[in-house]
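Just one chain is shown here, as structure tokens, and it is the form predicted alone.
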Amino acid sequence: MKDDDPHKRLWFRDYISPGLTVSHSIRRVIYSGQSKFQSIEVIDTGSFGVCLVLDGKIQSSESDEFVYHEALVHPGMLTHPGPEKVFIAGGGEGATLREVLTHRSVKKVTMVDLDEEVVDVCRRFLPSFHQDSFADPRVELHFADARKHLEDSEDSFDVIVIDLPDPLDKGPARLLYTQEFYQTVKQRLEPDGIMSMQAEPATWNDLQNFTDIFSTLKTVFSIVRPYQTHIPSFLSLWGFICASESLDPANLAPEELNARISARVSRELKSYDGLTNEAMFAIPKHIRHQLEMAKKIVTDKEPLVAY
């Protein structure tokens, strides 16, 4: 066989769902280790470049992480009239932090991630992701459980961004997708505050967690707006949700949103603008139907589990 024969290469198999596993060729393993909470790998793939892999699942890739992180952060941040105090739950790569810090109005960001080793690995090996955001003087970084931190805190925030890993059965994020946690989030928001979160796959054959998160948030917040965008490295449409008592990101006209981006964001965004926002909130009929039918309430006693 030739030296470049594909059968000689290393392969990473990314488990997408019970019926789908995707193989990615590995150019090199940059880092591989185990923290107290999860396995951590940084691999250079032939498909999506350098990827962060936690517990065997791709979390971010250098080729498309900007699509995910811009979609997660900017709808909520730009719906708020002038966010100054922001809380980030999770976000170990620092890319969510990077996007929050592009907003000129931001004075303080409190980021809480459970796994210090993930953040250390990302600081060392993923500089294009965080772009030195951890060193920004506006940032206060804590290594703790984000739920407990919010429960114990007396601070309030204009925007809360929830960027957590999947709620695996024995994973560290399982109790941060529950009604009780969202009630704590609401208590820590200012009256005109807004939260945004990654809300699991939103594709035609994998909607259960997305719809369960949506129906749970509806029991806590007056305004709950689901949206989705395609993340190539996830091989899926991915779900996100904004929730608030007073702010509605789906009501922003493209022209108004573009004006806010121009006035408030310190650099040009790669993926997100007014038309992108309009498209993300234009959820197809069959998915809207599943959201409308969703009734399950996720609680501490019956948490969400991703498989």
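Start at 1 with the first residue shown and count on from there. Everything numeric in this text was worked out from a predicted model, so none of it was measured.
The form predicted together with a further copy of the same chain is left out here; the points below concern that form.
*For this chain shown on its own, do Trp11, Ser236 and Lys270 all sit within 4.5 Å of a further copy of the same chain in the predicted complex, going by heavy atoms?*
Yes.
_To verify the annotation, which of these, Thr184, Gln208, Thr110, Thr203, has a non-hydrogen atom within 4.5 Å of a further copy of the same chain in the predicted complex?_
Selected residue: Thr203.
*Scan Asn251, Ser246, Ser262, Ser39 and let me know which has any heavy atom within 4.5 Å of a further copy of the same chain in the predicted complex.*
Among Asn251, Ser246, Ser262, Ser39, a heavy atom within 4.5 Å of a further copy of the same chain in the predicted complex occurs only for Ser39.
*Taking 4.5 angstroms as the cut-off for heavy atoms, does Asp44 touch a further copy of the same chain in the predicted complex?*
Result no; Asp44 lies far from a further copy of the same chain in the predicted complex.
_Does any part of Thr276 reach within 4.5 Å of a further copy of the same chain in the predicted complex? Heavy atoms only, please._
It does: once a further copy of the same chain is placed as it appears in the predicted complex, Thr276 has a heavy atom within 4.5 Å of it.
*Would you please decide whether Ile297 lies within 4.5 angstroms of a further copy of the same chain in the predicted complex, comparing each non-hydrogen atom pair?*
Taking the distances in the predicted complex, the answer for Ile297 is no, it never comes within 4.5 Å of a further copy of the same chain.
_Close approach of Leu291 to a further copy of the same chain in the predicted complex, 4.5 Å, heavy atom_ = No, no contact at 4.5 Å.
*asked:* Heavy atoms within 4.5 Å of a further copy of the same chain in the predicted complex: which stretch in 150-158, 102-110, 227-235, 88-96 meets that?
replied: Every other range fails; the passing one is 227-235.
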